[in-house]
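For this one, two forms of the same chain are given in structure tokens, first as structure 1 and then as structure 2.
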Structure 1
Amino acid sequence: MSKIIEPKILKGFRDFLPATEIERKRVIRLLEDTFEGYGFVPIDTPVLEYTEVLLGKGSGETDKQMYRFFDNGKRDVALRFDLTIPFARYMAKNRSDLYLPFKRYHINKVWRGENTQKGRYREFTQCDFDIVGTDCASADFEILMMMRRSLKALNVPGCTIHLNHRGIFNRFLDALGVREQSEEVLRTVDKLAKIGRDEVLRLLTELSSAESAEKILDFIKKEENFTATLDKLERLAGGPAEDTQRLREIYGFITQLGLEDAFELNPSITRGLDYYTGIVFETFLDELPSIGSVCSGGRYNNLAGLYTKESLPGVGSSIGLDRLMAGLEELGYASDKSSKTDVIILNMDGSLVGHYHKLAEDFREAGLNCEVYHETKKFGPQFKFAEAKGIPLAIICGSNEVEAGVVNLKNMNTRENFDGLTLTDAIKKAGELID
């Protein structure tokens, strides 16, 4: 007898049971509708890229997390660790076939060999949306509005979008004389919410000095409102410049739309990836900030420079689908629907299977999801099956009903019966009950 292989999976990877996958698909459909409502179009890229394509614009830490190997042709390849760098390669390769500005969305899996924790896995799904080919406040603001609209479409409870500008921070580091350590400083500051002020202070002191570390922590401290915080940042960075003007312009859009409560200027938001050059943003669930940002991004004007000499400035954001769903589940907002079927046709008589399939087609033509129970069994097992899948309605039809040209409809949730209905009336009643 052959050895039974243990059905195990790798740490950080998951199987999805129907209820979870149904909810994931529902969320993805809502996001796709939202993205397309802003004129964004879908694309896709290979999951496997040449390693040299992916290296160099993530971060030293991210590069170490790549799933990298030599394939059968001895090529050095790796699984994509995000959707942004493959997109930059995509733009360079397909530029002649694309118009600018190009607005894309991409929803797919990525892989990182990092430590696993709640809402954080080694295989996970990102939902990216980007605008490439323009560098202006309007494009930055549209991404912010897409972030807000997407979370609103998903009925995500209270959340706040935090934004900042890397250019202002870099000017401040210039004035402080620690610009050479800017990437490490930015990554350290980005960990403030995770490791706390004291540990960030210690790490910053190692990078510069105790005095500089204290000044950096003062710089990233929020004031009483957006304008007061921006005024402080502008003063400490050396005065007005294009970066502070960009934030003032964006805040003007925010106030015009009356959305001051939805956005917050937060100088501690820097984003850990090296390719961000301008505005950056992160989004936190107000009721569960500990789970981390569920929607993050920023402007990356130099990313495509790895692959083309043409200037292709871009701005975009990404919703971490797995982290967002983990947060919603913890807060009790996730759906637990285990089936998309509206109606099941019970199998009372094996000689009527063809008729059952015809009934099912009629329900589908009317826009109701319908399935046939394939084997002729007693009602008990068939009801149990319907209940296990969460199917709300059942059609009962035997030879007497066929002869009379009627069916019986049963509400599986309330146990209410609607007997002797014509097919037209049964479809109408099912539609009413589903709504």
Structure 2
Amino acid sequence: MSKIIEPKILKGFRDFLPATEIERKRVIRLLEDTFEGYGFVPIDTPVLEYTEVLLGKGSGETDKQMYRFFDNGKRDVALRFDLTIPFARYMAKNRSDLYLPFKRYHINKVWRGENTQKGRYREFTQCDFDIVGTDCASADFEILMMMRRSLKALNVPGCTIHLNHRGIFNRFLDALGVREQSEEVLRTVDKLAKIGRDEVLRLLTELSSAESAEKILDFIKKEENFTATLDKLERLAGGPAEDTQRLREIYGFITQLGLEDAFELNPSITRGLDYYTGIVFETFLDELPSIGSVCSGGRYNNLAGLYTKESLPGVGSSIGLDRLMAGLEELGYASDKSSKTDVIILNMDGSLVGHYHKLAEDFREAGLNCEVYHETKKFGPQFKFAEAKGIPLAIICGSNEVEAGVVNLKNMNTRENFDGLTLTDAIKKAGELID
């Protein structure tokens, strides 16, 4: 035997063991079904793209984090670091094959060579959904509803979507004469929860004046309800305009569907990216706000400007699947089944293996997941295997049972036995016990 290679994996990358991968697939299917319930369609794009295409107006930071190299054809290529830029490129490239408004979702992995830390990986999964080609309140509202419904599908008992509008904030900054510094103000305000009011006030004073800093902090304070906050924002921003009208329209839909409890107007939510131009939003789990937003996004006025002259306004949101799944696990809402087998056929007699496979097919026909224990062994190791895999039911069948045309069913959790059942009855009983 030649030298053994150490089976190591790269820092920031993960193997998914069965229990984790089963749960990931469960969550992803629920999200897919929810998105399709709203008429969204799936797309996929290459993992590897031309660096020039991915970099677009990327900052130096993104550049440094990219997995970038020359392929065997000397092309400058890189692994995608998000799903937004590939989507913009996709819309520009495939525009003639797509109808507008185009509603897509994309759930897949992205790569960033960041410093690893708890809950941060270099390979992680994003889940993006966008409506492109229309700028109207109905589309904004649909994204918000779909976010709420997605988290409900995962049985998260409470989550609140924090909503704001970038336009109102910009008007307010114009009135204060600090629009030039809007990026820095936005970034500073974003840190409120992290660094506290005093420090934010100090930083804002540096950027503008003590008076403006106080006004900014007044502006971002929530009032007692959605309408009261909106009225204040409208006043401080200089009166009604399209932006406040948009929020009123969305709030109209929210009240019409009786969803007031799920949404909050939060003027401190601004999202750092200069990319957003309309509503912006973040979502927090009521029981675990500390993990931060699990679903965020907003409206932008030009998705694909880097790649096409056609202006494509849109609204979209992204779920950080790894963070969300960590949250569900911490809250005890994650499943940790290490298999999805319902019934195991124990292998009592080597001459009956064909019969065991036949029984298993009959259970499968009835919609139950069923496996045969392959080797003829004593009860002990077979039971141990079934327990390790978490299989709830076992069928025990020797030559006496075959002769009598029956099987014995065992509930592995309660150790209860149901002996001498016909196959039909055993399948029926198994179905009841699984439900």
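Structure 1's sequence is the ruler for residue numbers, which start at 1. These numbers come from a predicted model, not from an experiment. Rigid core: the largest C-alpha set superposing within 1.5 Å between the two forms.
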Task: Structure corresponding to the form predicted in complex with another copy of the chain - done: 2
Open item on the list: Relative to the superposed rigid core, does R75 relocate between structures 1 and 2 - that is, does its Cα move 2 Å or more?
Closed with: yes
Open item on the list: Superposing on the rigid core, I want to see if R246 changes position between structures 1 and 2 - specifically a Cα shift of 2 Å or more.
Closed with: no
Open item on the list: Core superposed first: is there a CA shift of 2 Å or greater at K194 between structures 1 and 2?
Closed with: yes
- [ ] Check the Cα of K215 between structures 1 and 2 on a core superposition and give its shift in Å.
- [x] 2.6
